[in-house]
Structures are given as C-alpha cells and as structure tokens.
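Before any questions on binding or motion, here is one chain by itself as structure tokens, the form predicted alone.
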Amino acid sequence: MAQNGATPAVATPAERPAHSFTVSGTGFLKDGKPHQVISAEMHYVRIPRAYWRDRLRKAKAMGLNTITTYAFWNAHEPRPGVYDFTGQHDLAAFLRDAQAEGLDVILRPGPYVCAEWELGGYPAWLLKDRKLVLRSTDPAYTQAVERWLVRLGQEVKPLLLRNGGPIVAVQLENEYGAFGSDRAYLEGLEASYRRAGLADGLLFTSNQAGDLAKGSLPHLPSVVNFGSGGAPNAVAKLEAYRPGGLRMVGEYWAGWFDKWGEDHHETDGRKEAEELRYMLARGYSVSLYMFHGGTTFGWMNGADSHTGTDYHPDTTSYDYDAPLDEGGNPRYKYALLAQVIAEATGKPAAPAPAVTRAASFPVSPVRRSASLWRNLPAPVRAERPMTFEELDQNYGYVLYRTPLAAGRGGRLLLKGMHSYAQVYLDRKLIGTLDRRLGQESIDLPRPAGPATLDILVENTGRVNYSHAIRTEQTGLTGEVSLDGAPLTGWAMFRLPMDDLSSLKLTPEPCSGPCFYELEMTVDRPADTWLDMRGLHKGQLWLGRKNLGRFWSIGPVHTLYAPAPWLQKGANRLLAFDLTGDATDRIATVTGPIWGKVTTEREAQ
C-alpha cells in the first residue's frame, strides 16, 4: 500500500523481469529454477476450435505443464502468398488459449512436420515446379521456406517467452536425421528461423535414436524420439551421443496411427505408463505424442511410405489410441499417466474428466442427388496429362478424358498414377487402380466404334515420410499409354470440390460417381459419429464443413461430427460416393466403429 496516498509505482514493460528458459547441464532452468518439462502433443487443426480450451484444460488436469504443436504450412498458405490464420487456423489464438490454461508451449514450425499430414505439411503447390527439391538447399525451396517462416513469425513472435508469451522452446526442422545428413541444410534453416524471429529463445533438434548424429547441430540441444518399449535403448543412445547434455524425449509415441485397409492400432497403456515413470524418475523431460489426436478433417491426411514405392494412406480419424480419444474423452491411459505424473511431481492427480455426452440422430434417406457426369466444369486441354499441381489444384479429384478410335484397346498403362483411379469407357466402369496395391495398368476392351476414355483420379493423400515427398505430384504424373503407344489430346476437369454450391441436385436416382443429399435432424446438438457403412468410398460434408474421407475397407467406418458444428433442427449432409447407387444410406452412432470391411459391397 502506498504511504500518504501516493500513487504506487508500476513497473514498465522494460523494467519487468524477463522470463527465461534455458538448458543447464542435463535439464532445464525456468526463471533460474530447475524445471522438468512434462508435455504432450495436440494439433489445433485437428480439434474443432470450440473445443480447444476443453482439450487444453484436460491436458492441464492430467498433470501436463506444456503443450507441443506443429505449425502446418499447407493449412496456412493454400496458394503462394495467400495466408490464412483465421478460425480453425488461428494458431496464435490456440497458443493464447494454452497460456490461459497455465500451459507452456513447445512450437515445431517445420517447415516439414510429418504428422501423418498431407505432404508432411508442405503446400502442394511447391511441387508444381518438378525441379524444386524439398528439404534441401535448393534456392527455389529455401526462398519459399523463408517467406513462410517470416510470415509465421509475425503471428508467433509476440507469443515467445521473452515477449510474455507461452512459447518456451522451438524445434528446428523435424527428425531430419531420418531423411538426410546435410548440415548445411540445417544451418541454413536455422538462419531462416533467426531472421524470422523464431529463434529468440531456446532452439533444439529432435531425432530418432539411430539418427541423432545426422539430424543434430553441435551447438543446439538434441532430444530423442521413440515409442513403446524403446526407452532404455533410446535414452542410452542419447546419453552416449551427448554425455552430460540435455535429457529430453521430444516424442514418446503413446499410441499409433491407422491406415486404410490395415488393422486398427491399440497400444499398451500400462507399458507406456511404466516407461513414462522410468523416464521421469531418470530426470528426463518428456513430450507424449499424442495427448489427443483428434481428426484429420477434409483432404489433409497424409500417407506412409518407407521405400518410396510402398504407399499407405492414413485414415481421417487420428484417434491415435491417445490418452484422449477422438471425441476428447479420457480412455484408461489417461488415469494411468496422470498417476505417474502425480507421483513424479508430488501433486495429487486430478479426477478424470467427465465423458462428453454423445447422441445419435435420425438421418433421412437420400433426398436429392447429382451425377458427377452432369456437373463437370469447363476442361483444361493439353496434349499430355497434367498433374494436379500443374492444374493449380491441391486436393480432390481430376477427371482425365481422351477420345479413342474404333477398335483401340488393350493394355492401358498409367505410369506414376497417384493415387486411386476409376477407368471408364463411355461412362461404363471398366475397373479401378489403387496405388496401395501397386496397380498402374488395366486391360481395356476394344470398342466397336469411337469411344471416350475417362480416368477419374483421386488424391488419397500425399506421402508425408521418406524421400518420396520429393516426387509426390498427384494425378497422372507420367506417360499414359495404350498397348505401348502414348495417348495424347486430353481434356482435364478440375474437381477440387471446395465449392459445391452450384451442384445440380435433382430427385432422380443416381448411380456411379454421385453426390447424395441427406438431412440429419438434431433435437439438441451433441457429438455424434456418422456411420458410413452404407456407402463405399468418397467424401462427406456437414453443411460447409468437410468432415473427411470414408472408405469401406476400414479399419474405421465412422466420421466424427462435433456438437459445435451442428445446429438444432435440420442439418444438411452431402456425400460424394465413387460407386453410389439407390441403396446409399447414412446413420449416426454414439461412438466410432472399428473393424474390417463390414459393408456388403465388395471392397475395391
């Protein structure tokens, strides 16, 4: 209290003690005091914005003191020089929400993020120039990266710790040692970070145990990544690589992701809790990957590839078998991990959060439909097929069309087809080609008269891992030939499906590649899951929200529809099904459905 009524002195920002976060020996000092980071990952783009605070609050309740997130370049710069940091993409708002919940932040700007995300976070338009080399010192690449990082810096610099924000550390690149060993690349990227203002604090590198030497810089702290069962070996390798250096696990994989046509993953939460206890007791700071996976809405799922020739697209659900499930509810792992953290910190574990009420709602039969054939835009014409990127299209579908003379048939080869194609002759489906299965050719019958060849190609997700990212052009990326002779004279119909307001919907039945309009009646908005087992393969919209892909091959047969995206009364659903017919239907359920193919239709 000021004496004699004098106005108390107020420190100016320049006079306030600056917060600090540094490495000291094997650990951290926060404001000069020893500090153990207990973090986990969440991605703002995978969580409905209305639920950000709820998920962050649950992270704090589990005992976490930090949240880790990537920044997703392709979400923020969909076209060169066009930026989006609004709504679902408002990264700064997410970081401020974390700070409001008492959480520090570790930011991972990439620009490569992996994350089972489309092209590992790179904008697809980078691939329009086939000479550009991703993750290299190629000037065409580094200049684009620098522009992006400078723009990102405008968003996040005010939120660095030194400026009063929650960001205590920033990760340089992401597991680069699994990709290459070019120190000049990492040093150049570090310089870009500094020019963008992203390195005005603690900067570090993060790699898997066998890649530490290749993916680290000698003057930066190095942390290690691994999954269940790997703790003793991985920490031993980090300690051997950096004796006396920082002890931190940048990613401890507390779950795993799912891929179309493969088994659903569940990991042992009890083993993960024991390993977390081991790491914390050893003095390690730890970040779990993931705390809450959420959903890869829209077109943004990536694909796994290790050899460059294998291809495994990821599902829309990014549940990850994480402590919080796709709907944000705690599974058994949550309580186990919370107890371990409580033991390590000496603070009692908070009660597990209540489960969010989910509901099911009636869905009408198909009310109106629209054939893709009757809703084609004006074509782009060229002698050879153009890729999605050459057509200035990031996601969705492209229909490739060329005329065939009478009797022209035989072996159709689509060299470098990325990634799923339906082949039609005069709008009759001849067959499908699936990159997952290594398929690039099909036998074409010889038409009696002149015919039209249509190839409908879907981008089912660009690879996000390995050197394959450098050649992830989508569509018909190589030569198309019929019985060894090149096919030329193409009309290409761009189908990004980002604006469906002009669809010509009618009550007439529709089969083949069709859009179907249905209505879901909601008495009171609540989370729900749309049961897609009555359809085959395609995309679903709730109002204007693109909920993601469905595919009858599983292992997930539902799409998550969060309560904040529903309205009381009628809610419009629009499904695009590649092989639809009059039996198409959608139902709702109160939780996800996992398993093998359960639809009666034959999986393609």
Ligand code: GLA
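Numbering starts at 1 and follows the sequence shown. Just so it is clear, the structure is predicted and the values come from calculations on it, not from any experiment.
Just so you know, the form predicted together with this ligand exists too; it's not on screen, but the next bit is about it.
Annotated contact segment (heavy atom within 4.5 Å of this ligand in the predicted bound form): 111-119, selected among 111-119, 354-362, 231-239, 454-462. Scanning Y185, Y289, W299, W125 against this ligand in the predicted bound form with a 4.5 Å heavy atom cut-off leaves one residue, Y289. For the residues F179, W529, W256, Y400, the 4.5 Å heavy atom test against this ligand in the predicted bound form is passed only by W256. Among heavy atoms of D97, none comes within 4.5 Å of this ligand in the predicted bound form. Y318 belongs to the set of residues with a heavy atom inside 4.5 Å of this ligand in the predicted bound form.
Contact check for F576: no non-hydrogen atom falls within 4.5 Å of this ligand in the predicted bound form.
Contact annotation for E251: at least one heavy atom lies within 4.5 Å of this ligand in the predicted bound form. For the stretch 58-72, the set of residues having any non-hydrogen atom within 4.5 angstroms of this ligand in the predicted bound form comprises only Y70.
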